[in-house]
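Okay, here we've got a single chain as structure tokens, the form predicted on its own, with questions on binding and movement later.
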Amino acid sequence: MGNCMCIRDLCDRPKNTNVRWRLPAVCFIWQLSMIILFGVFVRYNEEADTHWVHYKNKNNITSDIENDFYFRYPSFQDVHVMIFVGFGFLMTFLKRYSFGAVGFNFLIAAFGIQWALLMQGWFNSLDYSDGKIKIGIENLINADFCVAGCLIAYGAVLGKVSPVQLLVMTLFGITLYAVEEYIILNILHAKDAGGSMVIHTFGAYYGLSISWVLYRPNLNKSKHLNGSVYHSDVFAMIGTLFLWMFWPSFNSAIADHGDGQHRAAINTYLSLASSVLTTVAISSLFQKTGKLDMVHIQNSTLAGGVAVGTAAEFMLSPYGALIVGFICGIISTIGYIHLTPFLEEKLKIQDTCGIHNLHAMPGVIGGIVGAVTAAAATTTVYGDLGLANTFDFTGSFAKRAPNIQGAYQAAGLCVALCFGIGGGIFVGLVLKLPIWGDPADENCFDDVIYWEVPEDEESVPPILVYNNHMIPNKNSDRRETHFVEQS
């Protein structure tokens, strides 16, 4: 009991937000570590190396256009924009935390992609003949996917943690992601092209669990900053539109060349479109005057893209994709209206961005849709070769039946939940230590704690210049206006 009291006192002592030495030390040490580790382990793969010419001749490849770069790079560009622009601007809705939203998103992603290339490389791209990680364009896409999980988690703690805490959170998050991804995709052999389970379910519950551990009972001291203004919501809508437009690339980026990618893009496109209409409908329905809530439009319109991710390359059918988007638009919007306040009041989870509604619930729905769709797959719909190609029923998995595949898909969802919740609780306890420079309750959601913020123009009393256009209308019954002539 005495030890518990000591830990509690240590964690609850006055905050010191001065990160002058901590943040540079972490950035320098970790970047130098990346340089050393990349120097030891990372090399180009055969399609990025100068020996591509020999590889091309050896494998009877007649044109450079068959290099994987030309298949994957357009999707990589789209995914990259989503990570740095889409996620970054989506979180600029807070009135005084735009620098932190975009800037810390930038920091997390830049560090995360380096660590992800290493972690995922050790699990998936290690050449045992020379002990090197061989990377190409697909590795860059997967690294962005890995970072996406951490950026989702960032949404739950937005404005309440320091940049040092975010780097620590990313370090552990990338590591946990690489392990759960390997278990789900390689050991269980589940399919998850768009990452409903691996990315969204894991990332959301990882962030929610951290937020639960870091619960701030006196966060109402910053309540006046935990909201938006007109222009901040417009900036956030920029992030929404980038995410919405490029989500078909996100879900199809690593799908099989040909029909798999084609089908994934179509299914995502339709699901997203469907979720927009239902979001608008529910947002209007739950307001007395029928007005729309910008929070719903910024977030729930994307829920269809999250939920269709696992089954994106399956034979979901166009109308099936519309159904998924229809359901998720409803559930996500209702989540913002009813579940977010419930989570904070009853479960003590302070979810700044509402990632439970945009990523957690749609991610779980996506995992369930993937399991059901896989279990229902038949040779009549897919054909023998199509079934084997879609679910990679080759090698040691050649005899796996669709109903068994459905069970493994469900198991993959459970793994993502366990890693997200368990890992989040552990990392939350690490972040609760008072050494990271996190803000006090009254200073949350404010850029001024960690950024040099210029003075607002509107805070300076304006000096009105007298001119003919400023003469008040004599026929107006409005109160007399006084003008100050500029000297």
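In case it trips you up, residue 1 is the first one in the sequence shown, and so on. Predicted, not measured: the structure shown is a model, and the values here were computed from it.
In what follows, reference is made to the form predicted in complex with a further copy of the same chain, a form of this protein that is not presented.
- Partner proximity in the predicted complex, defined as non-hydrogen atoms within 4.5 angstroms of a further copy of the same chain, places exactly one of 346 to 354, 191 to 199, 397 to 405, 178 to 186 at the interface: 346 to 354.
- Proximity of G412 to a further copy of the same chain in the predicted complex falls outside the 4.5 Å heavy atom cutoff.
- a further copy of the same chain in the predicted complex is approached by C27, whose closest heavy atom lies within 4.5 angstroms of it.
- When a further copy of the same chain is considered in the predicted complex, F393 lies well away from it, no heavy atom lying within 4.5 Å.
- In the predicted complex, a further copy of the same chain sits within 4.5 Å of a heavy atom belonging to F246.
- This chain lacks the partner; the member of W122, F99, F342, Y215 within 4.5 angstroms of a further copy of the same chain in the predicted complex by a non-hydrogen atom is F99.
- Between a further copy of the same chain and the residues A371, I135, I254, L171, the one pair within 4.5 Å by heavy atoms in the predicted complex involves I135.
- Contacts between 205 to 228 and a further copy of the same chain, taken as any heavy atom within 4.5 Å in the predicted complex, involve K223, H224, N226, G227, S228.
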